[in-house]
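A lone chain, given as C-alpha cells: the form predicted on its own.
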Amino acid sequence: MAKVIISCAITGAIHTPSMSDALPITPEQIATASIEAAEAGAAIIHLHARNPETGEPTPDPAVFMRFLPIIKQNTEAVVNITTGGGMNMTVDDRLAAPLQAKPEMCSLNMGSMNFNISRAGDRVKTWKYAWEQPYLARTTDHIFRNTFADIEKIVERLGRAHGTRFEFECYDVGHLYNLAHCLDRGLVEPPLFVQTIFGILGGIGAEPRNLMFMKETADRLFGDAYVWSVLAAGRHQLAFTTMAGINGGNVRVGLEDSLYIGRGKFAKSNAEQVTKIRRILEELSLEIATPKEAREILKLKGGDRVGF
C-alpha cells in the first residue's frame, strides 16, 4: 500500500473568527499554523488568506506574500494555494495570488454548485465583526461558480503556463465526470490528485456509502491515473479520513474543514488535528508520506520553481 499523504487546510473561507479563537487570521498566525502542521506530519499545506484586520477572506496577493515565503523557508511541505477563494470573488480575483506565487499545487473546484454554509454560525452568541453573520446568511442564495470555461481558464493560465498541478476538489459525483471530461479532452494530465469532499450542503452527503461510491466511480473513470484523497466537513472529518486511510486513500484535515478535535471539543490548532489523524493511521499500520514522497507521487515541479 502506498504511503498516505496528509494535507492540512489551515484557515479556508468558511469559518469566521467568532466560531473559534484557534482559527488563524493574520499572516503571522497562518505562517505559524502552517509550520506547526508540517512539523506534525502534513506533507501538503492548503492556504487561503484573510484580511488581518477583520479576518474576512481576501484574494489580495500582497497578503499571501506575507506568509508564503515564511512557510517555504521553514518547512519542506508542498504549498497548495486556493483558486476557490471565497464568496463574491471573481475567477480573476481567485487567480491573482496563484498567478503571482506560481506554486507547485493549487486547488481546483470541478463544478458550479449551491454552497450553503448559512447554519455554520448557529452556535455563535456574540459576533466579533459585522461582516460575519451576513457573509454566512447570504449563502442560501449563493452559487459557487466553476463553469467549464472557468476550469479551462485556470488550467491554461496556471497549470500550463507555470507548471502548477491541481488538487481537484469534487463535491459530488458529477464533478468526477466533469474531471473525466477534462481528462478525455487532454486539458489535464495524470496523475490526478482527486479530493472527494463530503458534508457541504449543496454537495454529496457525509454517509459512508457515499464515500465508497465516490471511490468506485473514480476507479471506473480514472483507473490508475489518479491519486485519491478524502476530506469531510465538521464532525465527519476524522471518521471519513480514517475510512479513506483504511481503503487506500490519502487524507485532508485542518481548521478550514472542521473546528473540532472530538465530540463537542474545539481543536487547539491545525497541528493537533494532523497529530491525531497521523496517530490513527499509524496505529492502522499505515505509513505517512514525507513532502519529498508526496512530490514524487503527485509529480510536482518542486519548491525551487515557485514564485515566492
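Values in this document were obtained by computation on a predicted structure and should not be read as measured data. The first residue of the shown sequence is 1; numbering continues from there.
This protein has a second form, the form predicted together with (5S)-5-amino-3-OXO-hexanoic acid, left out of what is shown; the following refers to that one.
Not displayed here, (5S)-5-amino-3-OXO-hexanoic acid is kept clear of residue 148 by more than 4.5 Å at the level of heavy atoms in the predicted bound form.
Contact check for residue 300: every heavy atom lies farther than 4.5 Å from (5S)-5-amino-3-OXO-hexanoic acid in the predicted bound form. Taking the partner from elsewhere, residue 115 is found to have a heavy atom lying within 4.5 Å of (5S)-5-amino-3-OXO-hexanoic acid in the predicted bound form. Residue contact with (5S)-5-amino-3-OXO-hexanoic acid in the predicted bound form: residue 14 places a heavy atom within 4.5 Å of it. Just one of 105, 192, 211, 200 comes within 4.5 Å of (5S)-5-amino-3-OXO-hexanoic acid in the predicted bound form, counting any heavy atom, and that one is 200. For the options 109, 237, 196, 164, the residue carrying a heavy atom within 4.5 angstroms of (5S)-5-amino-3-OXO-hexanoic acid in the predicted bound form is 109. Here the chain stands by itself, but in the predicted bound form one stretch of 60-68, 29-37, 45-53, 278-286, 45-53, has heavy atoms within 4.5 Å of (5S)-5-amino-3-OXO-hexanoic acid.
Contact residues in stretch 251-268 (any heavy atom within 4.5 Å of (5S)-5-amino-3-OXO-hexanoic acid, taken in the predicted bound form) are 252, 256, 257.
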